[in-house]
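Next up: a single chain in structure tokens, the form predicted alone.
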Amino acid sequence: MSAPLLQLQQVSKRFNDGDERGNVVALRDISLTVHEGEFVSVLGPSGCGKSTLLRIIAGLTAPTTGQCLYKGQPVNKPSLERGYVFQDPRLFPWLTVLENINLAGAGANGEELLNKMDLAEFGQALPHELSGGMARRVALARALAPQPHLLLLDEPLANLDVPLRQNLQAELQRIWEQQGVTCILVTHNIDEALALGTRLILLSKRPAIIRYDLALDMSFPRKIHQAQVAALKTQILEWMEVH
């Protein structure tokens, strides 16, 4: 097997919440290895530390103990090789769609990404002229513009209606398959985790530890009513109730 793309080695994160309760432990002794080409779904209850974990991988937050290695080197700052998609699109309101995408260094690639995201007619539009789903696609295109090796997805489809969410899930799967980018998706939506992942990491309540690391050896596309998928969902719900 090839060398790991990413390694988390006994990573813990403690925050000082600034009141008499003292420190809050978000993550405890997280060890995780990710290889190139995987699509890892990180599932856990709200507030368990999923986003903190992703921010450590991105280089936006430093672990309190342990270390995060990307291509064998310690992660201590953000890198365009690790694209990040936030839950909020965070587009610059004074820039056009194409300018927002090119801001990440796409250059001539910006027009191509517009076509891939079915946004070719909106390159000169401003963010306030876009629907919520279109803005999410622009944010995804911006993260893909520098051609990252690792795409970090922090609940980018949260709070969308079901049809739009399913359409964007299909778009993410297509990008993963066609571009070969490694993906780590943080979500609290079990259906989404099962629909997209080649692997599922289940975190406990805070302080988060890895409860289960499960290979999702099922063909795509997946539907939640399929027997194998439905059985897994039931099992995961039981695990989450216990932990």
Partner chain sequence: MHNNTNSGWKGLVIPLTILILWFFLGAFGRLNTQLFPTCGEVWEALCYLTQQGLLWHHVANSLSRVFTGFGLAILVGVPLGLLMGCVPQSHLWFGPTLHFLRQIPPTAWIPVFLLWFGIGEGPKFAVIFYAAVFPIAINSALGVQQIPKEYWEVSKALCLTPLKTLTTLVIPGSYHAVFTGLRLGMGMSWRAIVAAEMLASTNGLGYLVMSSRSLARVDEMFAGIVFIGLIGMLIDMAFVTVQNHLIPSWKWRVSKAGGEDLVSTPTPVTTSFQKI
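Since this is a predicted model, take the numbers as computed values, not measurements. Residue numbers count along the first chain shown, from 1.
Missing here is the form predicted in complex with its partner chain; even so, the following discussion is about that form.
Asks: Between the options Thr96, Gln169, Ser79, Asn109, which residue brings a heavy atom to within 4.5 Å of its partner chain in the model of the complex?
Replies: If I apply the 4.5 Å criterion carefully, the residue I get is Ser79.
Asks: Which pick from Ala120, Leu103, Ala125, Leu164 sits with a heavy atom within 4.5 Å of its partner chain in the model of the complex?
Replies: None of the other options qualify; the answer is Leu103.
Asks: State yes or no: in the model of the complex, is some non-hydrogen atom of Arg137 no more than 4.5 angstroms from a non-hydrogen atom of its partner chain?
Replies: Close contact is absent here: in the model of the complex, Arg137 is far from its partner chain, nothing within 4.5 Å, heavy atoms only.
Asks: When the contact criterion is heavy atoms within 4.5 Å, does Leu91 count as touching its partner chain in the model of the complex?
Replies: Output for Leu91 is yes: heavy atoms within 4.5 Å of its partner chain.
Asks: Within 4.5 Å, heavy atoms only: does Gln73 come near its partner chain in the model of the complex?
Replies: No, Gln73 is distant from the partner.
Asks: I'd like to check something about Arg28: if you look in the model of the complex, is any of its heavy atoms closer than or equal to 4.5 Å to a heavy atom of its partner chain?
Replies: So Arg28 does not count as contacting its partner chain.
Asks: Going by heavy atoms within 4.5 Å, which of 30-38, 177-185, 53-61, 206-214 lines up against its partner chain in the model of the complex?
Replies: Correct option: 53-61.
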